[in-house]
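Just one chain is shown here, as structure tokens, and it is the form predicted alone.
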Amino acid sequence: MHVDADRLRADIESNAEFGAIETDEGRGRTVLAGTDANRRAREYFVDRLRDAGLSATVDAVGNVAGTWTPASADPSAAPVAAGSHLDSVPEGGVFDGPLGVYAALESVRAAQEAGLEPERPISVVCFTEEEGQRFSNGLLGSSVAAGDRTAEEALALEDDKGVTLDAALSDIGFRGEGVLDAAEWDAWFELHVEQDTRLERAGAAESASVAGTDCPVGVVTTITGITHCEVTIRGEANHAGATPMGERTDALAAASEFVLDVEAAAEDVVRDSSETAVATVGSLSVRPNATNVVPGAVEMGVDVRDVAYESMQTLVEAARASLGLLERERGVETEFSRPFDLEPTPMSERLRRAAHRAGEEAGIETVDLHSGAAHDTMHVASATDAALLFAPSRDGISHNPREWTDWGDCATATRVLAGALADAAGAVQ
């Protein structure tokens, strides 16, 4: 199959115009679910689906699917699906999401032009609000498709102005009917930018010995588990000048020890048991947050991730133990909760093998690696076999206008996706 790199680039660059922002460096966009920019991105996508001879449907939460059912395919057979999302974070980049959507469409166009005859239909999918910047914490459309959330629950979600998802989708003409059901798919593939430097480093090492070598394509083994913890430390607010050092119960000083304890615990786990473990105290809210007042309370958000759930549990327990020690030694009061917990998600061995075969047949290097970020594929994997592929990211930058994947690497990764899709769909020439 021949992937048309220029056509793929044209689609991604056209999509980049929707919600485009001015930036001193790179190319950025802001596309939140249910906005006018989102409407234009969706309309362009639907037009491209129909241009390629795919049907186009929109479900109740705005998930868009285009399906190719050639004469060779049994229309009642479970489809093979691929895609990603078209929304972005505020002032995000142009590859995160759109590469996966348009690589999936280009894979179908390449199969059509090569005269392949798949036994199964192939669907190209755009999920609603993967980034979670307006109505949810993320992965909204895929959570409904996977049966992890009802359409009614999703449609009732409100943004910070009280606008529901239902109203926002209706306003842009993408409040459809029914629910896209991932359990009806035989397989699911998603191509995404890596958002790390492992593929870039691997490509640099290889090209040092073999001139002209491209970066390899990543085949994800496991998507990391994610736990979010909420921590509150309460001391006593008091005058910064009149309160002696020995008579203070400084909540921020205690929180500082907690932050370092979490970091040290993660470093211990990386050294002793799991090199992929990470833990981050990423948010702090200090009260009363005044220069001349000893801090009385601190609220913190903790993010724990790994491909091994046992190490995540170890880090959560280390955080709890740190709080217990602070209560005893500093006299503070603490609260701890764990409102969000996703276990690691392994990818389908069957589909991973198909991706590696596709790379081998195309003369493209593929490497196994894990994903440290969440993706729609996490939800889909609970409903059917799923696979996640990575294209390299320059300097690992993402969610930023400087996010960049070389156009050649986009096409190379799409060739692997196209081959894996054809394999899974039983396509023959």
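Numbers follow the displayed sequence, beginning with 1. Note that this is a predicted model, so its numbers are computed, not measured.
Keep in mind that the form predicted together with another copy of the chain is not shown, yet the notes after this line are about it.
Novice: Only one of Gly141, Gly93, Pro295, Gly83 gets a heavy atom within 4.5 Å of another copy of the chain in the predicted complex. Which one?
Specialist: Contact check passes for Pro295.
Novice: Between the options Ala204, Ala167, Val286, Ala321, which residue brings a heavy atom to within 4.5 Å of another copy of the chain in the predicted complex?
Specialist: By the 4.5 Å criterion, the partner-contacting residue is Val286.
Novice: Can you say which of 71-79, 278-286, 120-128, 353-361 gets within 4.5 Å of another copy of the chain in the predicted complex, counting heavy atoms only?
Specialist: Single hit among the candidates: 278-286.
Novice: Given that another copy of the chain is not shown alongside this chain, does Arg305 nevertheless sit within 4.5 Å of it in the predicted complex, heavy atom to heavy atom?
Specialist: Yes, contact at 4.5 Å.
Novice: Since only the chain is shown here, I'm wondering whether Arg330 would be in contact with another copy of the chain in the predicted complex (any heavy atom pair within 4.5 Å).
Specialist: Although another copy of the chain is absent here, Arg330 would touch it in the predicted complex, with heavy atoms inside 4.5 Å.
Novice: Does Asp196 make contact with another copy of the chain in the predicted complex, using a 4.5 Å heavy atom cut-off?
Specialist: Asp196: contacts another copy of the chain in the predicted complex.
Novice: Can any non-hydrogen atom of Asp186 be found within 4.5 angstroms of another copy of the chain in the predicted complex?
Specialist: The answer is no: Asp186 has no heavy atom within 4.5 Å of another copy of the chain.
Novice: Listed by sequence position, which residues of 108-123 have a non-hydrogen atom within 4.5 angstroms of another copy of the chain in the predicted complex?
Specialist: Residues within 4.5 Å: none.
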